[in-house]
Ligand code: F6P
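The chain below stands alone and is given in structure tokens; this is the form predicted alone.
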């Protein structure tokens, strides 16, 4: 008697690594096998690079429980990750559009053939909107070539928390806690010397990490790419002056890295430091310049063991993704996300079209920051 064959589900982690990705992979695997032990799980190594690479060295087939034991507490992603920019259409200003499109087709063709060769029923991708975009393109090419549907489910995995359609992304809470811990450690030495610090945090197009860390860590002011008023250097300087006038011993300016691009000033932190240290009003108040240091957290924010919250979110979304991946009901590519305490399903095309989710002027968190940060005319 031949062994019963269940469904085959592929999993990959793509884009930037995010703490909690391992918990997501574990949850998908355990749920897939729990629903039917005959179901099989295939893991792609190195993200989209593995899917579009040499199959024999870039996938792990018919995964058993031993392969994923002990991974839930580890940061990063144990199967690796990566990006393929050429999966997107040629960007504006591309010098050779025809060459770009040929490369895109070659990569897509390899990925499509690999998926077909493995006989997958669905694919689960943990990543951001770039990964969702690339996988959606590959799945569309697969269905066009073979005339058969192939399920695609996305889990939002990015420390930036900027995926539209979900309140939480896997990895954000850990990055936030790491950033707040760095801010608190920095405050100890800044307060001892009565100095100012500019703390640069991750966040290329969105300022959610900087905004949340600045509020939770008690920053003097916060600079994020979405809000031009936040990186007006004269207004920032006015806030620093107020903090000096009010006898603050530690003055910490939290800045998202994306401010450099949004402001068109790649050395904006250095410019701000020069303004603060050379300001006559501050020098007069202190009797000396206010020494200002620039600190960059960088990739440290996304390292280390995932927080309990990230592992919890990853586990909930992973189980929901497995249910959807094994569903017999045909559906377009979907993302599983959170709204309040509920898990929600969002069409991936909408997620791609409306991401990144940015900090709007009407954001409650931005309103909270404006109430809590030092103001130029603060009197208490």
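Residue numbers count along the first chain shown, from 1. Since the structure is predicted, the reported quantities are computational estimates derived from the model, not experimental observations.
There is another form of the same protein, the form predicted together with ligand F6P; it is not shown, and what comes next is about it.
Asks: Although ligand F6P is absent from this view, report whether residue 273 comes within 4.5 Å of it in the predicted complex, heavy atoms only.
Replies: Taking the distances in the predicted complex, the answer for residue 273 is no, it never comes within 4.5 Å of ligand F6P.
Asks: Check whether residue 204 has any heavy atom within 4.5 Å of a heavy atom of ligand F6P in the predicted complex, and answer yes or no.
Replies: It does: once ligand F6P is placed as it appears in the predicted complex, residue 204 has a heavy atom within 4.5 Å of it.
Asks: Even though the partner isn't displayed, in the predicted complex is residue 83 close enough to ligand F6P, meaning a heavy atom within 4.5 Å?
Replies: Close contact exists here: in the predicted complex, residue 83 approaches ligand F6P to within 4.5 Å, heavy atoms only.
Asks: With the partner left out of view, is residue 160 within 4.5 angstroms of ligand F6P in the predicted complex by any non-hydrogen atom?
Replies: Taking the distances in the predicted complex, the answer for residue 160 is yes, it comes within 4.5 Å of ligand F6P.
Asks: In the predicted complex, does every one of 245, 248 and 291 come within 4.5 Å of ligand F6P, counting any heavy atom?
Replies: Answer is no for this spot.
Asks: Taking 4.5 Å between heavy atoms as the contact cutoff, choose which of 227, 104, 260, 302 touches ligand F6P in the predicted complex.
Replies: In short, 302.
Asks: Heavy atoms within 4.5 Å of ligand F6P in the predicted complex: which of the stretches 188-196, 152-160, 94-102, 111-119 has them?
Replies: The contacting stretch is 152-160.
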